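One chain comes next, on its own, written out as structure tokens in the form predicted on its own.
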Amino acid sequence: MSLWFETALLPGGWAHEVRIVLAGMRIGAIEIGAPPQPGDSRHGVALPGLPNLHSHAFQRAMAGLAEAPGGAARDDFWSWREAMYRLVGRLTPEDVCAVAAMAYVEMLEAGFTRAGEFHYLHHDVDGRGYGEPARMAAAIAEASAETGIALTLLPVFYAHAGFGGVAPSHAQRRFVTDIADFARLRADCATTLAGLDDAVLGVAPHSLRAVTPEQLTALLALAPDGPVHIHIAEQLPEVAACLAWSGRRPVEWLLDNAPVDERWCLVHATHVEPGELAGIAASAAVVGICPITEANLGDGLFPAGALLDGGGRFGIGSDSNVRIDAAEELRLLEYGQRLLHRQRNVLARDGRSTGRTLFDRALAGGGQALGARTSGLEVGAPADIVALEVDGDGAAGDALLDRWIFARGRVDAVWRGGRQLVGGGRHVAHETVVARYRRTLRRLSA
């Protein structure tokens, strides 16, 4: 099968009249300046599919349902978390599969082709483990298989409610485990992923407040390779609690006490100081920025410009999945910096437009963080391709990305592993997945 595009973003830059020949799940050949051939599927603009490096798929079930004050003196991340815990208390594996499938359909329709699932909902509603330790992870894998999105599964170790080994609360009963049980869970996750194409298994200490230093060391021994993701420095109260516990800020403590390197993704890292930023850049770790969720929760603004100035790396994620839109994640990342610095095009680098810079950095950083590095659309790479519509307004080159991110561009088609999953902006299973998702939400809200 061959695809023909008016223009395509290749590793060497923009090219015109591009034929991409598919060879199974990968790109078998690329022809530049080639006329379309009979039988070619013709499209507008070809981009590499973007990685979504941080998702909690089950939280899609509460999207838009936590936007009224809950009665707390201060409505913030911590009050939102209580609402999330109430949802967690009711979810079955079948519910999780239905909700995750909805999230993954929306990701593919938005231009994401791989999801990094930061998965911490492990146990039954009473906190007891399932007979199959990875039963909930199997629901995530089932949703990935159904929708076709590539999956990097990041099973989460969660043992404590606060720094210094504070005992977990009853509301956290479905998350918590010890090292021995987690080792069994992660082994079961590996078995679960065996049938998924291009799946990657990593590990995720939830946060410094949820693991002790000794547990962190043990976790890394369980996973000597593959991605390592951790929530860190998302909230100012978290920073204050870490200082009270250790005398150091969260990122500072992590860099001093863990072998942080290019395997690591530091999710959020919102509240960091210049020395911490320099340390992140020197480590080659990726910062996982989730602008829509961070705005929705009132987290704050990550200093992305300073990270890039220091040679740091970032990717983007949809986190709570309150809204799933790859272009909007990139747009909001830049707009937050504009509001912070009161200037325009803050993140543009290397003589490229802002949209091109954002896209290139998110592609490279996200691929690194999810254990699926690629230079994009090249021979031998996975055939993960996003086609944007062309509306004939004369936009070309980087302006095509700028238009998609900042103005009116639209995803038309998506291929993942050589299989077309989205056409005319809709996933092939959209109607079925949406209907099941709505039935699930009606039951959960009854």
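In this text, all values refer to a predicted model and were calculated from it rather than measured experimentally. So that there is no doubt, residue numbering starts at 1 and follows the sequence shown.
A second form of this protein, the form predicted together with a small molecule, is not displayed here; the remarks below concern that form.
Within 4.5 Å of any heavy atom of the small molecule in the predicted bound form lies no heavy atom of residue 403. Contact between residue 122 and the small molecule in the predicted bound form is not found at the 4.5 Å heavy atom cutoff. The small molecule is not drawn, but in the predicted bound form it has a heavy atom within 4.5 Å of residue 231. For residue 349, no non-hydrogen atom is located within 4.5 Å of the small molecule in the predicted bound form, even though that partner is not displayed.
Of the candidate stretches 203-211, 248-256, 93-101, 184-192, only 203-211 has residues whose heavy atoms lie within 4.5 Å of the small molecule in the predicted bound form. Here the marked residues 56, 158 and 297 all reach the small molecule in the predicted bound form, each with a heavy atom within 4.5 angstroms.
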